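Encoded as structure tokens, the following chain is the form predicted on its own, with no partner shown.
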């Protein structure tokens, strides 16, 4: 049975913890939880009946697979802790590892671990991955969000946005730097496609919007692919989509399944 370590017990981490208990019985077990908020960590450990306390290093030593659900600020550290030990790691906050992906790839190869990045809140990643086996000339991502979900971003005043407003247009690398808590999808798309400098991103703030919308367009020698997803924000964290957490569960199913469908 695989031992799973979870880093981050917020909205996504809590959902993953529940699903590990219900969906993977006899296959994998949640072995430990680490969170920067000690009260939140203790609450989640009680819910999952985990008595032992870990820090990141001891959790990486004890487990076969680490899951990062703590945010971009922690993603790189969690990935390095797992991969340096030859362990596997699933990273939700893909924006936090974008700059370091080359080094993490080399570390995974040299030590024998694997880095998994779920598709998150976006549709069409399988088509993009397939298209990259040929020639791809352009990848663009247009994301529409409620202004409230952009609270805390420097230079953006959500209350002042009264109509649909383009708040960003540029490369995926620039988007991740300015919106580290909001736009992991752009990092994931760039990793699967033309990388961060050639992936174009537009972010639109739409007052009253109830769903986070992502539209991916890929052009290449295969033709044109367009995929659009409209996702409800997570009830406990409007900065993320519920589909993002579900994609982590789906990735775990694919990891542990003897039959793997799709790219």
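Positions refer to the first chain, counted from 1. Keep in mind that what you see is a predicted model, and the values were worked out from it rather than measured.
The following text describes the form predicted in complex with a small molecule, which does not appear among the structures shown.
Which single stretch, out of 116 to 124, 149 to 157, 163 to 171, 134 to 142, brings residue heavy atoms within 4.5 Å of the small molecule in the model of the complex?
Within 4.5 Å of the partner lies stretch 116 to 124.
Counting only non-hydrogen atoms and a 4.5 angstroms cut-off, does residue 69 reach the small molecule in the model of the complex?
Result yes; residue 69 sits at the interface with the small molecule in the model of the complex.
So in the model of the complex, does any heavy atom of residue 74 sit within 4.5 Å of the small molecule?
Looking in the model of the complex, residue contacts with the small molecule include residue 74, since a heavy atom lies within 4.5 Å.
Determine whether any heavy atom of residue 40 comes within 4.5 Å of a heavy atom of the small molecule in the model of the complex, and answer yes or no.
Flag for residue 40 set to yes.
Indicate whether residue 237 is a 4.5 Å heavy atom neighbour of the small molecule in the model of the complex.
Yes, residue 237 sits close enough to the small molecule in the model of the complex that at least one of its heavy atoms falls within 4.5 Å.
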